[in-house]
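Single chain ahead, by itself, as structure tokens, in the form predicted on its own.
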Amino acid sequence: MNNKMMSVLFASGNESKLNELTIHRTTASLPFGGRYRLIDFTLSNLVNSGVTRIGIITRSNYSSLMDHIRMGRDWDLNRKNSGIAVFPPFVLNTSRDVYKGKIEAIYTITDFINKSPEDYVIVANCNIAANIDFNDVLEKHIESGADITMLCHNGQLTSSRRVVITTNAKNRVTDIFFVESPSQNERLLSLNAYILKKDKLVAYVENAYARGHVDFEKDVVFAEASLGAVNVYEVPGYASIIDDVKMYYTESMKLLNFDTREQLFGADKKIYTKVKDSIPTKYGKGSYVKNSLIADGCTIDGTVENSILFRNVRIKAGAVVRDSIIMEDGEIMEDSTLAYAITDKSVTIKENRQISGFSTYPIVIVKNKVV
């Protein structure tokens, strides 16, 4: 057990930009990569780094998250003296108002933070897909002498609101700002994950809360960056934030590339998820599968190309699925064609349907729908 670090995670993110994908779930429990949920990456990174005291702050639609993490057994977090603590979304016990921002949310659990024996705390969202060694992050943070270290990666700006960072030769933040306009240029982008001393976090939050501030990034991180107190840790290898439908589709499709999969899943530190006992996938005589990720329990009698199939998906004879994501228990019936589509759990596409989006605008079909 690592006595130096604990973690506070936020289960909710940009649900409004993920649209149909988060009608029935929180961002943290969004399926990704054929068999995982987004929270699996952050939980696995923490456990692999010896961090076993984890507080998860919920906001809405978190029943699927609770079902997924259960007591944390699949991440070796079902422990007596640490493990996972899930906090409801209310600001105070006597209130029924959902927190307005991260500052209010953290202020609600300061008792949990103060009573924890660890010296440092990791604050992060649950929509990060990356393989991160937090021990290395902590080491670099202590060496830098900074008050806050923020995790970053090089990436292209999307239509989502992203935090762009400029640093000096010593990795100190010299400028930090939000950008909305999309761009093909690569910039240093925040992953909205931070490490800092526990007492510093509590002091920042109590000071900001007393002044009516709610936005942790703008009211704490930006303010400290202007004082030269924020250091940057650039995550090596693949890293991304999943915060809108286009980004979800784009980053999912990147997993079809071997090098990307190796960076995310091929390291010594594995990514864990809820164990489900499934039978192997069955490929029919007339099936054709090319460059796709196929989970257990599927039955494929049609054509699948450049696609991701989650568990127990059924592709009937004559059906064609290209450049698409089919979530658990989906069924594509005879002679139907899907291209650039995302079908949520338990979606059925009836016979002879033609459904097509575009790479920059995939069609999303919500959970349990029959088309």
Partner chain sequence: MLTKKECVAMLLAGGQGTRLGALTQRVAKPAVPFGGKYRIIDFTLSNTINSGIDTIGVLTQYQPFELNQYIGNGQPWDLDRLNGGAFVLPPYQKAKSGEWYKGTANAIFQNIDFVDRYKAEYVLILSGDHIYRMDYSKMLNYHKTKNADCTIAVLDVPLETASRFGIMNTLNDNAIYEFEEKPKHPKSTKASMGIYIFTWEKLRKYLLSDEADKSSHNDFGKNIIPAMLSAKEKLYAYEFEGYWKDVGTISSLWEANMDMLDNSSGLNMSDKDWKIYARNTAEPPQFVGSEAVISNSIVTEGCNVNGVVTNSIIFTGVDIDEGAIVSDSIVMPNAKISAGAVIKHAIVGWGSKIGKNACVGETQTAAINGEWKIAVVGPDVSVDDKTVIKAGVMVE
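Numbering follows the first chain given and starts at 1. Treat the numbers as computed from the prediction; the structure is a model and nothing was measured.
Not on display, but discussed next: the form predicted together with the partner chain.
Student: Can you pick the one in 283, 112, 87, 222 that has a heavy atom within 4.5 Å of the partner chain in the predicted bound form?
Tutor: Flagged contact: 283.
Student: Which one, 208, 245, 271, 124, lies within 4.5 Å of the partner chain in the predicted bound form by heavy atoms?
Tutor: None of the others qualify; the residue that does is 271.
Student: Among the candidate stretches 29-37, 50-58, 317-325, 337-345, which one is within 4.5 Å of the partner chain in the predicted bound form when only heavy atoms are counted?
Tutor: Contact-bearing stretch, as computed: 29-37.
Student: Taking any heavy atom pair closer than or equal to 4.5 Å as contact, tell me whether residue 289 reaches the partner chain in the predicted bound form.
Tutor: It does: once the partner chain is placed as it appears in the predicted bound form, residue 289 has a heavy atom within 4.5 Å of it.
Student: Spell out, yes or no, whether the shortest heavy atom distance between residue 296 and the partner chain in the predicted bound form is within 4.5 Å.
Tutor: Residue 296 belongs to the contact set for the partner chain.
Student: Closest heavy atom of residue 156 to the partner chain in the predicted bound form, within 4.5 Å or not?
Tutor: No, residue 156 sits far enough from the partner chain in the predicted bound form that none of its heavy atoms falls within 4.5 Å.
Student: Considering only heavy atoms, tell me if residue 275 and the partner chain come within 4.5 Å of each other in the predicted bound form.
Tutor: Output for residue 275 is yes: heavy atoms within 4.5 Å of the partner chain.
Student: Would 4, 216 and 218 all count as contacting the partner chain in the predicted bound form, using a 4.5 Å heavy atom cut-off?
Tutor: No: no residue has a heavy atom within 4.5 Å of the partner.
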